[in-house]
Ligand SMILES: C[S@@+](CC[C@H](N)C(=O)[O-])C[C@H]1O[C@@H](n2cnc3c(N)ncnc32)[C@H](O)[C@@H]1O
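Below you will find one chain, with nothing else, as structure tokens; this is the form predicted alone, and questions on how it binds or moves follow later.
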């Protein structure tokens, strides 16, 4: 198993240069767009000051500008800086957004802000550097503006994992490969062998470690070959305390193949463990997964 220290050497900017044409897919994702829009409308109050870290096309900043008096939108990719400025000029309230070409790991707004939006999120908090970035931001912000932090969107992340029997036959070609699955869609090639279990809860407002380590046991509900794990990530975008509800965004599921399938029967116990650093590659998690049958519990 690779150590977390070895994984820490991965590129600093992993996941930060997503080409513009991929942003079209994100803009077309109503699950993402509608929930972020609702959370921003709920959180941003009239006259608020807002900062967005990793602004992309500027869409989230534009939502915030409907109520905010000022929005700073920070983007490191020069192509997206140009495009976001062009898009914002076409939208009402876009004039209230200042797009800044800067590294979000280093930038601080010129004055305190009320809300920080950071949609640098990947399944299992992999690839994109949200955890590392927000922790660095909080340290810099406190040093300049004091201990009172802004509200963060998202405010928390809940992650879960589930054992599967996954079909890896592609028109007669067997290829155990990393897959993404649409949320709330039917997945006929996936047989769920046990219910998901939560393995990590991150509260963004509190000190948050990049180190994610988990060990747990699943009691399998049917016979099958455990050959994959499915990872779920729910972002709590905003909390409505008055009505005891949340505005959430569930990202597409990530299915990682196991190195060796495990033949098991209903009632068997599957022991699973893994560790990785938030922000590192998908492969850094994949190569650290261990799954075995609990021999003492097998029939």
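Residue numbers count along the first chain shown, from 1. Since the model is a prediction, treat every value here as computed from it, not as a measurement.
One more form of this protein, predicted together with this ligand, exists but is not displayed; see below.
Candidate from 230, 32, 67, 234 lying within 4.5 Å of this ligand in the model of the complex - any heavy atom: It is 32 that has a heavy atom within 4.5 Å of the partner.
Heavy atom within 4.5 Å of this ligand in the model of the complex - residue from 160, 113, 120, 191: Checked against the cut-off, the match is 120.
Candidate spot 74, 103 and 128, all three touching this ligand in the model of the complex (heavy atom, 4.5 Å): All three within 4.5 Å in the model of the complex.
Candidate stretches 268-276, 23-31, 238-246, 41-49, one within 4.5 Å of this ligand in the model of the complex by heavy atom: Correct option: 23-31.
Residue 59 within 4.5 Å of this ligand in the model of the complex, heavy atoms: Because a heavy atom of residue 59 falls inside 4.5 Å of this ligand in the model of the complex, the answer is yes.
Any non-hydrogen atom of residue 212 within 4.5 angstroms of this ligand in the model of the complex: Residue-level check for residue 212: no, no contact with this ligand.
Distance check, residue 18 to this ligand in the model of the complex, heavy atom within 4.5 Å: Flag for residue 18 set to yes.
This ligand contact at residue 220 in the model of the complex, heavy atom, 4.5 Å: No - in the model of the complex, heavy atoms of residue 220 and this ligand never come within 4.5 Å of each other.
Sequence-ordered list of residues in 170-185 near this ligand in the model of the complex, where near means a heavy atom within 4.5 Å: The stretch 170-185, when checked against this ligand in the model of the complex, contributes no residue at the 4.5 Å heavy-atom cut-off.
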